[in-house]
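Coming up is one lone chain in structure tokens, specifically the form predicted on its own.
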Amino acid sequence: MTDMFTVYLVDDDPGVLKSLSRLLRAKGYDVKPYSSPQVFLEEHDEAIPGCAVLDVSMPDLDGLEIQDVLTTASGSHRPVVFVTGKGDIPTSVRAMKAGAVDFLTKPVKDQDLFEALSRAEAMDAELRRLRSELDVMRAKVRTLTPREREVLTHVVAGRLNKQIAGELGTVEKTIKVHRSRMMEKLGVRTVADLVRMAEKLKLSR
């Protein structure tokens, strides 16, 4: 576990918040406890490495709704661990399908919670690595000229230089120049690498 990993605890039961906070701090985690889901969502900072440990049943917003906000609406993909006093299969299935790390039943066993948090930390690190990789790729794409971007779209669609030249109303030699510069700027050597990059970035074809 790293020193920078934050656990956001969200539970409307003060006793649970207090006991889990004490347990996790003793283990070395940075803990941010919230009894209000709304306050948590207002203060949540997706830039901070960490995970959310959510109670399922809470007034106003339940844990599944918070998960939806975290993983869909905000696009932050924050790893989520659920704890519940009354777990039922449909709820746990829905939570896991939405990407939850684990679904634990109260009273939570310390070892089960620590193992879930360990998986959450690994997931968070991987998501941040992928996001950083995508940010670098997007920055490279932004260096392309409008014409180089057009050539990129045609190349990943499988068109030959001659076909691209015909579609763009220019000569094949010019397309070769644009294509060479485009691939150099993006740091790729083969069309296969270019296609993989385009797929990761969901660039239109």
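Residue numbers run from 1 along the displayed sequence. Nothing here was measured: the structure is a model prediction, and the numbers come from that model.
What comes next is about the form predicted in complex with the DNA, which does not appear here.
The listed set Ile48, Val69, Ala157, Leu160 contains one residue whose heavy atoms approach the DNA in the predicted complex to within 4.5 Å, identified as Leu160. Though the DNA is absent from this view, in the predicted complex it lies within 4.5 Å of a heavy atom of just one residue from Glu167, Asp30, Glu65, Glu172, which is Glu172.
Using a 4.5 angstroms threshold between heavy atoms, Arg25 stays clear of the DNA in the predicted complex. Within this chain, Lys18 is remote from the site of the DNA in the predicted complex, having no heavy atom within 4.5 Å.
Though the partner is left out of this view, Pro59 does not reach within 4.5 Å of the DNA in the predicted complex, counting heavy atoms only.
Using a 4.5 Å cutoff between non-hydrogen atoms, Lys176 counts as a contact of the DNA in the predicted complex. With the DNA left out of view, the stretch that reaches within 4.5 Å of it through heavy atoms in the predicted complex is, among 146-154, 133-141, 51-59, 34-42, 146-154.
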